[in-house]
Structures are given as structure tokens and as C-alpha cells.
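Next up: a single chain in C-alpha cells, the form predicted on its own.
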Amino acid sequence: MQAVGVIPSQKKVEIIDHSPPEIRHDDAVRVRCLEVGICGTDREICTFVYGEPPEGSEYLILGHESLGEVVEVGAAVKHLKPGDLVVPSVRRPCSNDECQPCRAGLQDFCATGEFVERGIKARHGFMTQEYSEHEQYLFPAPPSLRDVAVLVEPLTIAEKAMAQVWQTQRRLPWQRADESSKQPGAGLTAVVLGAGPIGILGTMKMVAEGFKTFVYSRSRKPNPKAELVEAVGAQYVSALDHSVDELLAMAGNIDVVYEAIGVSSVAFDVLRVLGTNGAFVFTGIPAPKSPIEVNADEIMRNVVLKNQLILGTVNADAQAFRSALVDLQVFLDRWPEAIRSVVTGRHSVEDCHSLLLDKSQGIKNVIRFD
């Protein structure tokens, strides 16, 4: 069957003839891949900066943002049946008995670094016609989300980030809305850095939680991304037209910054203006380059005197996937055109080379296998 992968030893990106999956465990599920999203990680793997094939294989099948349909289930599978739509998670726990996060099902916090990740590190991904997976790593998606469920995995980044922010900010009376409110961010201000898929989905998460939300991105208005974020109630601010200090003047006290650009110079300039009791979340991974100058004294002084929180987040746990499925339905109900427009192109597998190797176009591009 067809699959898209990299051959690191030959520095090639190829459509590969890959063996069909088999049900080898009672809790295994065979899944027909419907759609796979292309993301920055896939494109970076195709530059051979990282990406590790499974042991004994010369190639690594790409893809970790996937929507599939159950085809066959093992004898011990309890909650899935053929025809169900499913979204797979990415990271698998290490085998070290001393790793408490992995033993607790929180492999996104793996302490050993010996985890594997589908489509990234030592385990084939989902950019193939079919794959098999253990039931515990598959999350049922309702038919109502068929058009947008491929966005679940990138949304989990914001879900995990905000779960950590809310938990940590319980250190102070930061949450101004009633605990039972569906908008816990009411009265608070968020800034999202970047208007790519991660930034746009994070923006929707912030707006849905009630934050007054600003998106700080490079391109000038008008542009499709600016129109999209403003359609959901956020304010778009171009970095070409407004300095970080001007952004601060517009926003007032900045309670949360959700960084989704991977550009350290911009991120640390915005960190400089994070507000009192604020939280700054790093999600981007900058490419290796020369060191930058940072106003470290001002940032350190602010962190101490303003009781600020800085955290990084990578991958996601099971709860983040469940939350993403819930929030996608919220987005679809509130902003049906906007959430559907995040996927700007659905392509055949034959388009994989241009999608992975050429300059990125649109917001989120998807390869279809159905």
C-alpha cells in the first residue's frame, strides 16, 4: 500500500510501497487513514535535521495529525467498532520502570527521553493508507466533526498549554470568572504570537474561554489569516506596523502569551512586556542559529517582581485529545466557516513532494487517502 516517508540515509522523500498492517494484539485496531495534516515538523524532518526510522527500517513514514476510520478490531477491543472515526495520539511511553510520568500515562512528560513518537521518532506515522494501533491511543470522533477532526492533534497543543496554565495559576486569585463559568478567561487578556495553524487554533481556544485576545503576527492586513482570526472575535496586529510596546498599549496588562511562531527574537521581546501575574507559554522550537541579544535584566526583574510564570509544552496527553474533540465541536457550532477554513487544501498523495518540500502555502494542507 502507499505511504509517504523519508529515507534519511539517502536524503530522499518518497512515496513508499509499505506492507499492510496486521492485528497482532488483542487490543489492536486496524485503521483506514482518511486524512493527514502536513505540519512544520513534517517539513523539518524532510530537511533531515531529525526524524528517526524504526529499528530495522531504512525509512520513516511521516504524519502525526490524522483522522481515520476503524476497519478491524482485536478480540479485547471494548470501545471501538468498524466504521468509527478515530484520531490517534502521537507519543508512546518509554519502557523504563523508573519513569513515573510514563507509568502514569503522561508520556508527554517522559523523564528519560526514551519515548517514541509516531511519524517522528522510531515509529512509523500515519501518512499511509492503513495503520494499526492499540485502542488506548485512539480517540473516537463524532461524525459531526468529519470535516475538521484532522485538526485535533494541533489543537491539543493549546489544550495542554492552557490546562497547565490554569492549574499553575491557582497559586493566586487569577481566575476572575465564577469557577462554574464556561468562560474562565473573562476579564483577562491573551496574546497569541503567530497566525499559523497552531496560533489560529490557540486563538479560538482563548476566545472560547472568554479572553480578550490579540494575535501578533508579521503580515500586514488585509490577509486571509487576519480575516479568519478577526472573524472569531480576536484582534489582529501586524508586527510590521506595530512594535511590541504599541501592542502592549493596545492590550493593557497581558495575562497570557501563547507563543506559536518559534521565532526567539519576537518571543523574548514580547516576554519583556508580559503583565503582572502573567503566564508565558512557549510551544515553538527555533531552528539552530546564531545567539540573539535579549534584555535579560529586564525580563528577570519582571519575572520576580511581577510573579510571572514561564513554561514550555510539547506533545499532549489523553485528556488534551479529549478536550480538543470537545472544543472542536464548540468551534464548529460558533464559527463553522472559520474552523473549516483552517484547512485550506485537500490533496492527493501524489502532491506530497510539493507539500513537504516547496514553500508552505495557505494555512493547513491535508493529504487525503479516501
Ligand SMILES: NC(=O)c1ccc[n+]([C@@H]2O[C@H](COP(=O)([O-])OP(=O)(O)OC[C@H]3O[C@@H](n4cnc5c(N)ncnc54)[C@H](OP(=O)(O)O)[C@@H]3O)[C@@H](O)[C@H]2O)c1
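All residue numbers refer to positions in the sequence shown, first residue = 1. These numbers were taken from a predicted model, which means no experiment stands behind them.
FYI, the form predicted in complex with the named molecule isn't displayed, but the following is about it.
Undergrad: Residue-level contact is defined here as any heavy atom of the residue lying within 4.5 Å of the named molecule in the predicted bound form; does G119 satisfy this criterion?
TA: Looking in the predicted bound form, residue contacts with the named molecule do not include G119, since no heavy atom lies within 4.5 Å.
Undergrad: Within a 4.5 Å heavy atom cut-off, is K81 in contact with the named molecule in the predicted bound form?
TA: Answer no; every heavy atom of K81 is more than 4.5 Å from the named molecule in the predicted bound form.
Undergrad: With the cut-off set at 4.5 Å between non-hydrogen atoms, does Q308 touch the named molecule in the predicted bound form?
TA: No, Q308 stays farther than 4.5 Å from the named molecule in the predicted bound form.
Undergrad: Heavy atoms within 4.5 Å of the named molecule in the predicted bound form: does S89 have any?
TA: It does not: once the named molecule is placed as it appears in the predicted bound form, S89 has no heavy atom within 4.5 Å of it.
Undergrad: In the predicted bound form, which of 313-321, 28-36, 338-346, 54-62 comes within 4.5 Å of the named molecule (heavy atoms)?
TA: Of the options given, it is 313-321.
Undergrad: Among T213, Q107, T128, T283, which has at least one heavy atom within 4.5 Å of the named molecule in the predicted bound form?
TA: If I apply the 4.5 Å criterion carefully, the residue I get is T283.
Undergrad: Given that the named molecule is left out here, which of A195, L228, L274, L151 has a heavy atom within 4.5 Å of it in the predicted bound form?
TA: Filtering the options by heavy-atom distance leaves A195.
Undergrad: Could you list the residues in 246-271 that come within 4.5 Å of the named molecule in the predicted bound form, counting only heavy atoms and keeping sequence order?
TA: Heavy-atom contacts within 4.5 Å come from A260, I261, G262, V263, V266.
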